[in-house]
Structure formats: structure tokens, C-alpha cells
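Presented below, as C-alpha cells, is a lone chain in the form predicted on its own.
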């Protein structure tokens, strides 16, 4: 059997490695259009914060290791351009322009996601950057050094935009953030979002939400982001308004698409063609709270889905429950985390949501070094089920959110969650953990 994989990052290489480990005689071919495979994309903002550190430090496993030690036929610089489902062949081109054609018995599409580039005049100008691929990180790091960048305009205010703002400020670069929508983090409860806003401004980041961007002008090594009523200048512009799934290959091959035009897959990661799988940021998933299809690109999901594909290709039936949308990111001294649904999402999913916001502490009352933690918790009035949690604080947030994520996977009610035996010691938590305090208060709202 020939197992062909398009895409050589998290999902693709996880599937290839697991398949070869379980069946060493299996023919596994991986096509990767760039020259980089298996790297920590999530670590790029932190790498960029350090002018000395090499971007290639983020490579988890070089291409030659997959080839020499795991006997995986990894072909970098190979871009897949067409899937012929009738003949079960993939056609494409190499970096040098030469065309290729490969047959398959089972195919995995693991093409990831791409940065969204809004239709703004001048967005292709030199110095206007996006951050997604390792080569993007190299390009940005080189540009900052070679051009002595001291001011950057960031278009967007999502995860990557916030992490990059911190990275740039760590290098004493002035940062202005701008976007058309009027709210910093529209998915977050306003009380928690205000805490993030205060932290950004405390570290010198200038925020300009609610400004429509008309164009980007370039002159004399200066870029000008021109809005309706505002002009922001810098030597570099970072476009970080989100990502979209790379599903064009699948769509052209006639495969079904799901939310956000991600490739629709079942719980075994099969597409609408039983011989073609999809995994990683290009594929959708089932939400454990709603049971409906959703698209939330997550690193853990990509790796886990790659494993599941390999097992299913080899005849070992594996199903994935789904995702809760659990995420955490750092904004200077703050940890910001979420899992499950917010109020708007819960209402749209047909629940009768109740909510509470509480302010607690990261440590016991009398223990030195304690800092505030804000918790937003959502439940369903009818069933009593826990639906979602958001948290912001300087410590004790990043891993505490996992307790709420597990509760969502277990479909626990808020009353059940209140009874959980969570760990306590003064350096780590009050006797009543902030999550338990929020749950106790939420019960009163139901």
C-alpha cells in the first residue's frame, strides 16, 4: 500500500512517523512545498523577541532525520497542485518548475492554514509581513535587523498580533495596533478584555480599534497605514488578522467543505472520499459542547489527528471525540485562556446561557505574591451543564484552564464541577479554587 501525504508539518509528519513506526514496510511519501518540516510555529514570536537566537532553533526534527532514521520518503520543495480522485493520482510541480505525478492508495491532505490578507491597496509592498511559516519568521527577523526597525504597525489584534506585540516591545520597538472592529477581543467578556487592554497599554503598545484601513503607502523606507481618520507610520507592517484553511486542493477535487471552508472530515478523519483523509489546520472538527462541526486550528489537535489518520489507514479503527477550543496565550505579564463557548456562541448553539464573572486570587489570602485572577464562566440554565470558561491573570491561569476543559469533555454540570477535588496549597491557590468560586456563584444565576 502507498500512503501519500500532502504537507510536512504537525499533522503530516505525525501521520508519517506513526505509520512507519507501526508498519516499517509501508511506503510513505510526504510532499512539502517549502524546505521546512516539523517545527514549532507557535514559538516564532518568542524567538523573534531574541535578536541573537536562530530561527532554526525551532526545528523539532530536520528533514534528513525523517529520511535516514525513519525511512520516510520526504520530498521538500514539492507543491501538490491537483488531486485526481478517479485515477488516484496527485500532480504538482517542484521548486525548479519540473512537474511530477504520484499515485496513492490512501491520501492525507495536511496542507495547514494561511494568513488572511485583506484586500488593502499596498498590502504586497516590501516590509509588509505575515507570520505563519518558518521562512516568514526568518524574513521578519532579517528585515528588522537589516533595516534597523524601530516602529511597527500591526494590523489585527488576535493571538499572533498580541504575542508579536510583546516580542517587538522586548526589542524596544514601538508598536501600534489597528483594526476595523471596535473591540480588542470580541470573543472575550468585556471585564477580562479590559484587563488585557490595560496590560498592553502599560507596556507601551498603542491601540487603535475601530479604524477602517484604506491603504498602505510606501515611501523612503517608511510605510504608512492610512485609515479613514488616522495615519500610522512604521518601517514594517505586520498583518495578523487571522488564518484560513488551505482547502483549495480539496475543493477542486470535489471534496465536501465544512465551517470556514475547512475540509469536512468524520471522526476518523475521513473526507467525503473514503480513501482521502484530512488533518491539521486545513480540516474541521466536532465541538465537544455543541456536537456540531467547527473550525479551530489547534496544535494538539493537528498532532493527535495525524496519529488517528495513521491508525485508520493501517486498519486500526480510531475515532476522535473532538475539541473544546481550549487555548492559552501570553500578553506580557498576563496569561489569557479560554475553553468552550462564550455567551454569544452558547446562545447561537441553542442553549439558554447563564454567566458569571468573579475576581479571585492566584494564591491564598495571606500568601505573598498573590495576584488577581478573573474568571468568566458560562452554563446552560436548562441542563445545568458547564459550557465555557475564560480566565485572565498573571499566574495560575495557563494550566488551571485544563480543569475546565476536562469538565467540558466529560459533559459535567456546574453542580458536578463544584464537587471536584481540586488541589490546594497556599502558594498555588486559595482554599476555594477560582474555578470553584466561579461555579458556586454561577449556580446562583441558574
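Keep in mind that this is a model prediction, so the values were computed, not measured. Positions refer to the first chain, counted from 1.
The same protein also has a form predicted in complex with a further copy of the same chain, omitted here; what follows describes it.
Asker: Flag residue 299 as yes or no: does it have a non-hydrogen atom within 4.5 angstroms of any non-hydrogen atom of a further copy of the same chain in the predicted complex?
Answerer: Residue 299: contacts a further copy of the same chain in the predicted complex.
Asker: Using 4.5 Å between non-hydrogen atoms, is residue 64 touching a further copy of the same chain in the predicted complex?
Answerer: Residue 64: no, not in contact with a further copy of the same chain in the predicted complex.
Asker: Does at least one non-hydrogen atom of residue 427 fall within 4.5 angstroms of a further copy of the same chain in the predicted complex?
Answerer: So residue 427 counts as contacting a further copy of the same chain.
Asker: Residue 388 near a further copy of the same chain in the predicted complex, any heavy atom under 4.5 Å?
Answerer: Residue 388: no, not in contact with a further copy of the same chain in the predicted complex.
Asker: By the heavy atom within 4.5 Å rule, which residue out of 321, 252, 99, 347 makes contact with a further copy of the same chain in the predicted complex?
Answerer: Of the listed residues, the single hit is 321.
Asker: Heavy atom within 4.5 Å of a further copy of the same chain in the predicted complex: which of 224, 139, 117, 330?
Answerer: Flagged contact: 330.
Asker: With a further copy of the same chain left out here, work out from 178-186, 300-308, 209-217, 238-246 which stretch has heavy atoms within 4.5 Å of it in the predicted complex.
Answerer: Heavy-atom contact with the partner occurs in 300-308.
Asker: Taking heavy atoms and a 4.5 Å limit, what residues of 180-196 are near a further copy of the same chain in the predicted complex?
Answerer: Contacting residues: none.
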